[in-house]
Ligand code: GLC
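Quick heads-up: it's one chain on its own, the form predicted alone, in structure tokens.
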Amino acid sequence: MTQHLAAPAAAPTTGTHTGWWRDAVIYQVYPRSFADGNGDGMGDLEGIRGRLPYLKELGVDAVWLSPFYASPQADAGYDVADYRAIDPMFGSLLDADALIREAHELDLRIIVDLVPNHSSDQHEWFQRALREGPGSPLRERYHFRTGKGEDGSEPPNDWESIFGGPAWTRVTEPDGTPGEWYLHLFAPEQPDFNWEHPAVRDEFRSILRFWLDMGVDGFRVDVAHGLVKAEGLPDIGAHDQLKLLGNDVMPFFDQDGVHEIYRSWRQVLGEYDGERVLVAEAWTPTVERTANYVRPDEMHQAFNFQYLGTHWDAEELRRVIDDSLAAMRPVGAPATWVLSNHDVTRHATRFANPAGLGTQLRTAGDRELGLRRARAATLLMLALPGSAYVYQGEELGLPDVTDLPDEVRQDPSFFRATGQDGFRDGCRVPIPWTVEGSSYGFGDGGSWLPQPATWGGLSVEAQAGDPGSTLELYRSALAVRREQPGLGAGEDVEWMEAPEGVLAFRRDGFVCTANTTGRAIPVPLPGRFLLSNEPVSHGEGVVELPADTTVWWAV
């Protein structure tokens, strides 16, 4: 049934400035795990809408919503069957309209996820392609190929799925015979679009306009580096392709042809008022290649995955910060900073483990150490010039849940014979709102993934008003960031002399010092104390930086 919506609510204007995204703090909501408004155990748009005042009080500028589109949920909504419909598990278009309007009334902007690399195998186009068989015009909108070998029983090339196993699945044709193969860089339920086909390009420009007409303020573009494949779909020949990802240009990732697509999208956004934005999820070998996505006529931001994967080490952090700022400067784009998201281990757990274990971990590690480092890393991130991303629950210091039983796991990579280990579920467990009650206030019907028994003590209710809590640290940091002229905006830092293991940099009226070592280190007193993640004492002209501590100073 068609739902008729009134004109969209105006985007925030109070206190905003040209290029709001340049220093924005953007909060990622994973809808199924944020808040459950109807008591079915699954988070939804109604639940998110009810918690918008919390996000306003936290002090963020915008909310990024992971996918809520109609989907069979083979990959948590990243397999979209209808890009213009809300999945019933999350609500309706009327709920989305209400959410956007109320966010704007609170001066919060809304960014929605867009998944253009692939659709669901239940998408109307793909289903028609299967029904109509070889030669169907609909098959040209995906990557259908005949297999290798005399009987076509081998995949068309040697590409591997990111989730493990071959990146090709063979279909059974309408007459019941084994037939062509289709490409899916992720799960078999996620066939890749053929972006050389004009109908695909036209369709997504139409989808952009649909959501812009609804009033959204921008799009986070999933797998932005993956849309265009190398001509001829050549073999790679590597024995372990997954180890090459992010280290080299692959024939299915970071092809130069993607930039023509984003230039056309930027033109679509230019048709609308209110500074709408495009944000690239682009895994590239270098920050210099990432910068290609944010040239003046393309996207506005790109995620800084090099920073996300950096260890808690002063020398390594300084190198990545310098490289990131240097790469963005020539294209005039802001750097972005992120420590956690829905695809990687939360940084409170990552920093609780020895360096070098990657972003997917099996062990909880040293919880106290991990939380202390995570809080320090957050203050460092929020002191850098550019835009910062916060993943839901990190403001509570939530760790990954590393002991989920196999029978409750949902991550599709867990069910593949090879590839990732399926530990993304650990960072997707519903967040706690209250000390007690059903699912700690997440909703009245339990939670779709089990929450640890200790999470009541980490809830919003338990931490609110406690000056030593992680929640109040985030609230204070975001308030100072908003009020301090030298924070957020800008494109550079001035490094100061500091002992080994300590980062110290100056910005306009502000100094940040970060001790990444496990011991206290004395440094000259830089200015007037503003904020720190651990108690700090100082005497005449000298301050003792505790282990794993970041301190903000006004100068």
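Residue indices: 1-based, along the sequence shown. This one's a predicted model, so the numbers in the text were calculated from it and none came from an experiment.
Same protein, other form: the form predicted in complex with the named molecule, not shown, and the subject of what follows.
- Residues placing heavy atoms within 4.5 Å of the named molecule in the model of the complex fall in a single listed stretch, namely 342-350, out of 342-350, 261-269, 442-450, 389-397.
- Using a 4.5 angstroms limit between non-hydrogen atoms, residue 75 touches the named molecule in the model of the complex.
- The named molecule is not drawn, but in the model of the complex it has a heavy atom within 4.5 Å of residue 190.
- When the named molecule is considered in the model of the complex, residue 111 lies well away from it, no heavy atom lying within 4.5 Å.
- Taking non-hydrogen atoms only, residue 163 approaches the named molecule to within 4.5 angstroms in the model of the complex.
- Checking 229, 184, 375, 428 against the named molecule in the model of the complex, a heavy atom within 4.5 Å turns up for just one residue: 428.
- Shown without its partner, this chain lists 458, 478, 223, 291 as candidates; in the model of the complex, only 223 has a non-hydrogen atom within 4.5 angstroms of the named molecule.
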